[in-house]
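This document starts with two versions of one protein chain, written out as structure tokens and named structure 1 and structure 2.
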Structure 1
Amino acid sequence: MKISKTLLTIAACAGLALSTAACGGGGDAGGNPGEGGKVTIGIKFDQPGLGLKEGSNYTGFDVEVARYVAKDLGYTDVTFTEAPSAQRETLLQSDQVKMIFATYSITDDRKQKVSFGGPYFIAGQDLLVKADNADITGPDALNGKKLCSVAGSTSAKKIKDNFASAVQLQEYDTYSKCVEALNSGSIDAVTTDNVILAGFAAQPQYQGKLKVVGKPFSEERYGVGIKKGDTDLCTKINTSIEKMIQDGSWQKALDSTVGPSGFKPDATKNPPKPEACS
């Protein structure tokens, strides 16, 4: 009978697992700030410069901000788990993660389901082109050009609808493939948030070969996703973000992760001031 129960438990864990987080119910994501111990944090696993998993290593700006905040809140054991865009709300609502740092834009619609600390970065949609490209200076210079984005994304369509009706849209299933196509010359530009583009351009194989145009045309406020209504945690996260900015760690983290691409964030918006918790 003991064997049967064990097998059932293993099967249940396998069926419920959405990531590398340990199987368990509410509370496994971590205790209250200041209590120490373990905390589970959601990040992206496939965004170079922001959230990237390589073997057992986790790198990127989101990862560095998450580590700083977790340590400042008193957590001594951090577990990172993958937080795909479509699963972020579910991961928080089901207590599988305590916080999410995953290019998670703060929107009114998302605020109906979860709460946010931050923002800790303000991004904007931009373009990635070859470093020697002088023709593409912004979204309105894309008529007749081949533009790549990920299937299902609205980024490329926004350009076609609002800036360059004659742009030729190309879609791949990942941004990595878009960037590879740009580097090989089969497309002319890639579009998504500027800091995401900078993360790709900062990869060793692309350094000096690609650049972010630097003319953002949207605003994306990256926040720390937390469970709906947890204003105490939100307040503590905001205090940690402000501390990270003031002691220079925020800039150091940005420089070491996406800095090699030459990317400079909009200084009129970054570093941002966290919003009031509600």
Structure 2
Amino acid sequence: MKISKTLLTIAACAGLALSTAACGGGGDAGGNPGEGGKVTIGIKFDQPGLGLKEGSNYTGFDVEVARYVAKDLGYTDVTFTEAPSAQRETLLQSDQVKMIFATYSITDDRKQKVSFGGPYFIAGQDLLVKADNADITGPDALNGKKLCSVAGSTSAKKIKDNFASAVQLQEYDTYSKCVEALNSGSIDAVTTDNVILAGFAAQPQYQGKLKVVGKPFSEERYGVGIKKGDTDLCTKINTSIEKMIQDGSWQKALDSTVGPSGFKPDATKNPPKPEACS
């Protein structure tokens, strides 16, 4: 019996959790700025204070910056979609999203595949441990410890590059899963950006149980991920971010989203100045 190629493709693609360009996932992320209409934006769904989905409600600093920029660019209808760390470049390359605001650090590696507007915030990599932990005082004290981070993140890469021989790194697909594992005792520490860790530590179910070590050991410049080479969009995003900072909306958004966790952003670096677009 001869099965048609189309049928085989449909069957193969139906088995994939995420549609990709090869499966016709390339799509309708939105038109150009100024044309109005719809835009699809990638955010995190599980990071309290930054990008959090609760029912049909989206909250967090990334979400607020995304809403401001989208409106300023003339989009009238925003759809948020989940952009886990390891899928961000693919989502942009396959046109499934127009922009990504998802604690997404600007790096030279990533710039091979995508471009960035911003940065709109600067954080630093840190460690989250149990509140009564006394021996994990920084990245150099991780010898023999089980450490959790997320695949595709700069946090996991930094550990692999600098501390691989001493640390047992476990990579999950989201930070919320790492934090659950820490709370249940199956790992010793979680590593990612301090602002993300502070958001988790302040959740009612973890209050008093977890603490951020508080010695950042990297600089994470949060950019707006866009399709590689879209200089026009990058320039417009940067203008919008500068406007958001100048009119006070940036500070207001930060205070209402990140503020409740008690996290204090590094005032020597924030608010940052967007980089030149290239």
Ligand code: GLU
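From a predicted model like this one, the values you see are computed outputs, not experimental measurements. Along the sequence of structure 1, residues get numbers from 1 upward. Just so we're on the same page, rigid core means the largest C-alpha set that superposes within 1.5 Å between forms.
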item: Structure, 1 versus 2, that is the form predicted together with ligand GLU; value: 2
item: Selected hinge residue, from Thr137, Thr239, Ser218, Asn143, for two rigid parts turning between structure 1 and structure 2; value: Ser218
item: Interdomain rotation angle between structure 1 and structure 2 - two rigid parts, degrees; value: 30
item: Following rigid core superposition, Cα shift of Gly208 between structure 1 and structure 2 in Å; value: 8.4
item: Once the two forms are fitted on their core, CA shift of Asp126 between structure 1 and structure 2 in Å; value: 3.3
